[in-house]
Structure formats: structure tokens, C-alpha cells
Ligand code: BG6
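Next up: a single chain in C-alpha cells, the form predicted alone.
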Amino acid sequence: MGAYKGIVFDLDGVICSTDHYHYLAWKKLADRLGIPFDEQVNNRLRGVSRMASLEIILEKSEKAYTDEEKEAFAQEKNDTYRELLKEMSPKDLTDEVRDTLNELRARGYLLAIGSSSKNTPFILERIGLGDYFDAVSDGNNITHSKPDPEVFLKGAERIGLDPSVCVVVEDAHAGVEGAVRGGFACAAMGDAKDDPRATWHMDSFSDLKKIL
């Protein structure tokens, strides 16, 4: 196992992909409000909390909205998103991810989730990993979203480990920044693969078996 004892995984884009569902849900809201929304705007939302994402979308609005209206918009988006998530199943967990997780667990690593999403428990249930991880830290137990390191720090705390002996696995630049700020080593993949702040740069999830 070397120097590391635990791994804290982001969920969206790392364990499974719900990006398309996020995009569809935000686009439905933006279209209703007459606000331009495309993949470029959507990419700015990666790893960011729901309310912070809404603020980014509303930057292009010609209207000002009250806090109550914003709360309603965020709830509307989440209702649409959760409805779309019902389409997910264990088939959305790839063999590569499942086999890698099982091998890392067999090697003795403690495994945690560190996700800004409040839907994390629901998503894990849908893909068949409801009780799999040793700990889950998500949007339901944090005050600050990434790039604040809080979600990772609480994940490490819940598996009883110091950040110095944990690796964060991330696919968003905000997540890489949060990991570094929290004192974690970071394995980056996906959109964040080439982030210079990451400790390792992964082409695929199974690269973790070589890194660790």
C-alpha cells in the first residue's frame, strides 16, 4: 500500500457519469427563463454546488431574481435532474470502475466519496453502490463547495485518516484545487487530467491500480 491508506473519490465523472443529466436539467430551466445555455457554460458548473451553478447561469439573465426565486429555480432543476436519474442502473457502473474499486479494497485501502452533490446517496443506490463505500461526504454535510477542501477533509475524517495519507480522485479543476488546498495527493482524470496541480495524470480509472 505504500504511504497511502485511503482514497476519496469524486462521484460525477469519476465513479459514474451524470454530466449529461445535469446538462439537460439546467438547459430545461435556462430555456424556460430565456437564458442562453450551452456546453461552454455547462463546463463552468463542473464540481460546483447547485446554488453556485445557478448564479453562473443567471449571469446571462437580463432580469434580477430574489433569493426566494433562486431557491425555487434550484429546486426545479433538482426535481428535473432526479427524474432523469431514475434512468440510471448498475449498468451505468463500468466493469473497469467496479473491478478497480474491488481490487483497491482487497489491497486494504479505505474508500470514501467526496462529492458536492446532494443527490450522492440516490445516485449510489441507482448504480448499485449504496453500501459499498466506507464513508460518504457530500453536499448534505458541507457548508462550502469545491474548490473549498471541506468535502474531502470530511471524507478523510470519516474514514479516520489524515489528508497526508489519502489520495483524492477528481475530474474537475475545482476538485483538484480543493484537494491540493486540503493537503491531499490528487489523481486527476477526464477534463482535469492535464491540471498541473495534480500529483498524477490518469488516462483511465484503472490507472489507479498502477499509481497505488
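Here the structure is a predicted model, which is why all the values come from computation and not from measurement. Residue indices: 1-based, along the sequence shown.
What follows is about the form predicted in complex with this ligand, which we do not show.
The partner is absent here; in the model of the complex, the one residue of 109, 81, 73, 133 having a heavy atom within 4.5 Å of this ligand is 81.
Shown alone here, residue 161 lies farther than 4.5 Å from this ligand in the model of the complex, counting heavy atoms only. With a 4.5 Å cutoff on heavy atoms, residue 30 does not count as touching this ligand in the model of the complex; it lies far away. Using a 4.5 angstroms threshold between heavy atoms, residue 118 counts as touching this ligand in the model of the complex. This ligand is not drawn, but in the model of the complex it has a heavy atom within 4.5 Å of residue 77.
With this ligand omitted here, the record of contacts in the model of the complex names 38 to 46 of 38 to 46, 57 to 65, 180 to 188, 153 to 161, defined by a heavy atom within 4.5 Å. Of the residues in 50 to 66, those that come within 4.5 Å of this ligand in the model of the complex through at least one heavy atom are, in sequence order, 50, 53.
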